[in-house]
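Only one chain is shown below, in structure tokens, and it's the form predicted on its own.
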Amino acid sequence: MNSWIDADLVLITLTSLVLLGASRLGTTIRMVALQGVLLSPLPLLLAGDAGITLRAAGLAVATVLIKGIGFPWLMDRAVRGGSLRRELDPRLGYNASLLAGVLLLAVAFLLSSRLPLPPGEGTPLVLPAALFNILAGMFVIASRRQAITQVLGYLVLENGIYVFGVGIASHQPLLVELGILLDVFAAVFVMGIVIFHMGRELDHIDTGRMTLLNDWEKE
């Protein structure tokens, strides 16, 4: 069973690396959608000898519906409403971003080696995968200019928190997990509205160009 968990965590990590090197917004959205699908079986795989509970099954279904379908669909609608299909001028280039991703992965393994898992909790790859996705999400938020890509970075960050919560705190109440999802949904919903209005009023969704705006003088 641990081999299936490790394979799933490796694939989740690879989707974040691909996202770091992707320039097309459609590709980044698909990577986040795939990551959401890959996250869904984790509660079932981590159930182990205890057996699959109704809580774990419900969490798996909710994850694939919200993270694998719902959020990516909202982001895809936001992209279709704008005129931009690529992240044209990131603060850090894509090759450098991939290199930074490899370094972040090394940092995640280094940190996880100093934070051993509680006895009987998860597999050795749970903590590095969780930390890497958190760091990768923060990196995307800081290094990209387009509002949509920054929202995707926020989703990747939350996915890392999700891996940590499901893999490490297996006895965490479902209410707390749903509360995290609700917070992310609210953030994505608000950012979707902001992106829509930015694209309609300013003809772009580049947050870096917002610094060039000045108040109009009243005649």
Partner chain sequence: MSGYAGLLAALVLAPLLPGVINRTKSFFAGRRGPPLLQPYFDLAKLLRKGAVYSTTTTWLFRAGPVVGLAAMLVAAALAPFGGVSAPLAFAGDFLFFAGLLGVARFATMLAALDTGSSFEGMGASREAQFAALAEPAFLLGLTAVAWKTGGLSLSGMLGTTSFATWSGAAAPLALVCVSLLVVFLAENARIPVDDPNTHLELTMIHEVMVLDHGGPDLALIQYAAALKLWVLGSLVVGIALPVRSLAHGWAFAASVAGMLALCVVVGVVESCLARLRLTRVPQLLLGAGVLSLLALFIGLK
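Residue numbers count along the first chain shown, from 1. Note that the coordinates shown come from a computational prediction; the quantities given were computed from them, not determined experimentally.
Although not depicted, the form predicted together with its partner chain is the subject of the following passage.
Please tell me which of L74, I134, L105, I141 lies within 4.5 Å of its partner chain in the predicted bound form, judged by heavy atoms.
Checking each option against its partner chain in the predicted bound form, the one that comes within 4.5 Å is L105.
Contact of L99 with its partner chain in the predicted bound form (heavy atom, 4.5 Å)
Contact check for L99: yes, within 4.5 Å of its partner chain in the predicted bound form.
4.5 Å heavy atom contact, I148 and its partner chain in the predicted bound form:
Although its partner chain is absent here, I148 would stay clear of it in the predicted bound form, with no heavy atoms inside 4.5 Å.
Can S16 be called a contact residue for its partner chain in the predicted bound form at 4.5 Å between heavy atoms?
Although its partner chain is absent here, S16 would stay clear of it in the predicted bound form, with no heavy atoms inside 4.5 Å.
Considering non-hydrogen atoms and a 4.5 Å limit, does its partner chain approach A78 in the predicted bound form?
Heavy-atom contact with its partner chain at 4.5 Å: absent for A78.
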